[in-house]
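Shown below, as structure tokens, is a lone chain in the form predicted on its own; questions about how it binds or moves come after it.
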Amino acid sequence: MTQILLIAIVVMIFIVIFQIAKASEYVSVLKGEEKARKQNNKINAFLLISFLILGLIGVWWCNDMFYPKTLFPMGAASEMGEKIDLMLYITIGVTGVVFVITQVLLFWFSFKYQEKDNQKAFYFPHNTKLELLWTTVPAIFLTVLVVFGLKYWFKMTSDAPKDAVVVEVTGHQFGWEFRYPGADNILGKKNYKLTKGANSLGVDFNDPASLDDIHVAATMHIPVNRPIKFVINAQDVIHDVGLPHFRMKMDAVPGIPTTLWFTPLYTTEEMKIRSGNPNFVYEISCDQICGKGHFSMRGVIIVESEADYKMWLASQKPEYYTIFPDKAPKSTSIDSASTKQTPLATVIATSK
């Protein structure tokens, strides 16, 4: 009730101010202040053209000052990201040209066709050809842009290539956890009822495919020039996997796994050179407000060579033996020098 009353008061104040302004205008005319009104009209016309010029200068100045600080100068770091950047540039180009033309005409016409004693307004009620032109041309351009957007969307959410590296990404307030399939290249099943203690992802270890899965938090490792498939989940509220350098993003929805795939083009070390930032890191952020700690929900992605990625992967211990260290036979320990592991079949047989 209080909100409705406040809205009513604001509306009434607006109406009163409007009526006072109109009454003042009528009084001025009746008093013979027509000359003052025309003078104000000229001043307003001059201010409009000044605003146009200063506005265009301001747009150029802001672009010159802030564009180098954006992610665009270093380029997209994925194949799909390059196509998305191209689509964005085309969209900005088309809409930017239309914006500049329409705004210049708007302010110029306000200046050029201001009220004058010997000038009569031209009444132009209808023109079918013009209406068809300004309706169909924008519709065609927008349709083309939508089609390209859908094409790229269906591409990034389609089935990933068979040689893709699969990484499960799980979001929760307020962090990211990652799980990799082991030598069998199959992620084990999960059950939310099993989410407790050290088993933070609820992995079902009764599924043999889960015994060699690798679980890491905060930092993800992926190889360069190889397709990467994300299987995305959330454990509490809706999050969003944001990959700004790769120009990708995807919602993380509780109970509804989503996927996307992309191919990184540059390692982290190469991007340090491209960006001119020795401290550069690929970031995975949450692009959906998810609570008071949303700002801190950040992870790091390390893109490295295939050899370095395999070496890192071989150095990781399966989550099963991290949670149940007493079930890890000595024969399955990793030799850091040779980076060799006992075959999965031997591991399962020994642990049982």
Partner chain sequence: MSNTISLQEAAIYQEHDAPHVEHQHHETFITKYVFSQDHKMIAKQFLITGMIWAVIGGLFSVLFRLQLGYPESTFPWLEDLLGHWAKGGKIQPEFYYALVTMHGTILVFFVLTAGLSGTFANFLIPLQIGARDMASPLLNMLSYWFFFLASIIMFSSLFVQTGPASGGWTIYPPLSALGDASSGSKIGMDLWLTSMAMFIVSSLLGGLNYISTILNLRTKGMSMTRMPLTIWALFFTAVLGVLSFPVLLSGAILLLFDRNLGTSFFLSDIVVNGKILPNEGGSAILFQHLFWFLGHPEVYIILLPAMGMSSEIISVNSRKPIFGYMAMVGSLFAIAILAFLVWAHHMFVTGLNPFLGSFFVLLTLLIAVPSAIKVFNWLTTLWRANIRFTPAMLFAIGFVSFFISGGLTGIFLGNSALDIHLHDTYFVVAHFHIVMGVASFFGMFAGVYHWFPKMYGRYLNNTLAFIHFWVTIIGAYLIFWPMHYEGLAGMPRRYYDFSGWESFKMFAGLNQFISVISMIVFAAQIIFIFNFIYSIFKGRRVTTTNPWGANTLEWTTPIRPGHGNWVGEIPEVHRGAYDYGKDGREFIPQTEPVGENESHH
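The shown structure was predicted, so the numbers you read here are calculated from the model rather than taken from an experiment. Positions refer to the first chain, counted from 1. Definition used throughout: the rigid core is the maximal C-alpha set that superposes within 1.5 Å between two forms.
Keep in mind the form predicted in complex with its partner chain is missing from the figure; the text below concerns it.
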Task: The unique member of 323, 62, 53, 314 whose heavy atoms fall within 4.5 Å of its partner chain in the predicted complex - done: 62
TODO: Go through 217, 88, 183, 273 and name the one with a heavy atom inside 4.5 Å of its partner chain in the predicted complex.
DONE: 88
Open item on the list: I'd like to check something about residue 251: if you look in the predicted complex, is any of its heavy atoms closer than or equal to 4.5 Å to a heavy atom of its partner chain?
Closed with: yes
Open item on the list: So in the predicted complex, is its partner chain close enough to residue 283 to count as touching (4.5 Å, heavy atoms)?
Closed with: yes
Open item on the list: Residue-level question: is residue 116 within 4.5 Å of its partner chain in the predicted complex, judged on heavy atoms?
Closed with: yes
- [ ] Would you please decide whether residue 161 lies within 4.5 angstroms of its partner chain in the predicted complex, comparing each non-hydrogen atom pair?
- [x] no
Task: Candidate stretches 161-169, 219-227, 148-156, 261-269, one within 4.5 Å of its partner chain in the predicted complex by heavy atom - done: 148-156
Open item on the list: Given a 4.5 Å distance limit between heavy atoms, list every residue of 95-123 close to its partner chain in the predicted complex, or none if there are none.
Closed with: 95, 98, 99, 102, 103, 105, 106, 107, 109, 110, 113, 114, 115, 116, 119, 120, 121, 122, 123
- [ ] Examine residue 153 after superposing the rigid core and state whether its CA is displaced by 2 Å or more between the shown form and the other one.
- [x] yes
